[in-house]
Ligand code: T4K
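There is one chain below, alone, in structure tokens, taken in the form predicted on its own.
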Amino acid sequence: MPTKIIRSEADLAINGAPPAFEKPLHVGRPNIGNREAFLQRVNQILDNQWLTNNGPMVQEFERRIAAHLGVKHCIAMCNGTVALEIAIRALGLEGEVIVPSWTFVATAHALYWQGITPVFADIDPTTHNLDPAAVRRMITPRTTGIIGVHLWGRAAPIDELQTIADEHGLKLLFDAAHAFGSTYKGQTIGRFGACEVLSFHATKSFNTFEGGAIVTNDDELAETARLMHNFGFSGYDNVIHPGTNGKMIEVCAAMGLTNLDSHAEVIEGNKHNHAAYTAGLANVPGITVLAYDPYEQNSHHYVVLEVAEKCVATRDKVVAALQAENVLARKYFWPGAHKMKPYRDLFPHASVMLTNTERLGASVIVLPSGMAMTEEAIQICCTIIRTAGNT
């Protein structure tokens, strides 16, 4: 719980005062649904003595997710990265695949891990998503696909990317790790491209402890992904496809079913938090809270600040002030995948083509949100930012 309100630069813990919060406030603290309902499901699992290998909880979870998103197929996985790797392999991608650098590094790793070269295209500085014009510039004879990322749950330019993919004979899939429950032109994310890949990691608005899924309306692709995530088995003792172990276990599905029942409440809480941050930081010169389209659905899970050059404080000074107060804000996705190993060695001059990515990489902060945040905690966070940003 907070111990005091920060009122001046001298009060900041970065200058030696005690921190505002005794316990750290984290970005992505997990949202946990009804514990009793979850424990009842765990007891069912134990009574069934069916802990993994496509048990009844996973089957129910897949049905409910598919129905929730309005898609034909949901293939639940142990995590979102493995789901992305399997989707890439199931689509037969090879050579080069165009991705944003402004994303969690797993998007690039899922390609590189399989001997595919991620080619980084720049982003639109307004949306933070892939810029279609930049994608066109990066296409070569070796390009086989595009991975669009719905960053912060805001839909990538789906129609434009699909047009580019169709013109050049490329496969298009989407990393929808941030976008569970989001919409594009009123349609639920999950039904676009060849498939979309979800993450249900503990830090997401909707979690299964750890997990992910491929969602698609393509029957053949779904069948291939199902084979691949279970060693290629079709029935007992009948391996008909190369595969790996990507299955979700029963207890993770139980958490997912429990959290699905309360996800609407989580979204409402996130909206309240986002509005409180926006109001609390409205008059800080050079600091903007990223807005969400009021005509589209979004979990509002990510409270994203942009710290412009006209702000008195640098982005790093604001982060330092927050972290000194035990507010563990993050510099997502600094410094960009193109500056992380092994990509900075593969593409030492990538910055020339990624000017918008570079600028955002130096300006963005993600703040704690979720059901664990209180109104008082948000106001204290805003006071810390205002103090750092005005002095």
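Model, not experiment: these values are computed from the prediction. Numbers follow the displayed sequence, beginning with 1.
Keep in mind that the form predicted together with the named molecule is missing from the display, and what follows is about it.
- The named molecule in the predicted complex comes within 4.5 Å of no heavy atom belonging to E250.
- Contact between K204 and the named molecule in the predicted complex is found at the 4.5 Å heavy atom cutoff.
- By the criterion of a heavy atom within 4.5 Å, D175 is counted among the residues contacting the named molecule in the predicted complex.
- None of the heavy atoms of T216 is located within 4.5 Å of the named molecule in the predicted complex.
- Contact annotation: the named molecule lies within 4.5 Å of heavy atoms from the stretch 24-32 in the predicted complex, the single such stretch among 24-32, 50-58, 346-354, 66-74.
- Though the named molecule is absent from this view, in the predicted complex it lies within 4.5 Å of a heavy atom of just one residue from N129, N259, T81, S299, which is T81.
- When you look in the predicted complex, the only residue of V149, I267, V307, V304 with a non-hydrogen atom within 4.5 Å of the named molecule is V149.
- In the predicted complex, the residues of 98-128 lying within 4.5 Å of the named molecule by at least one heavy atom are, in order, T103, F104, A106, T107.
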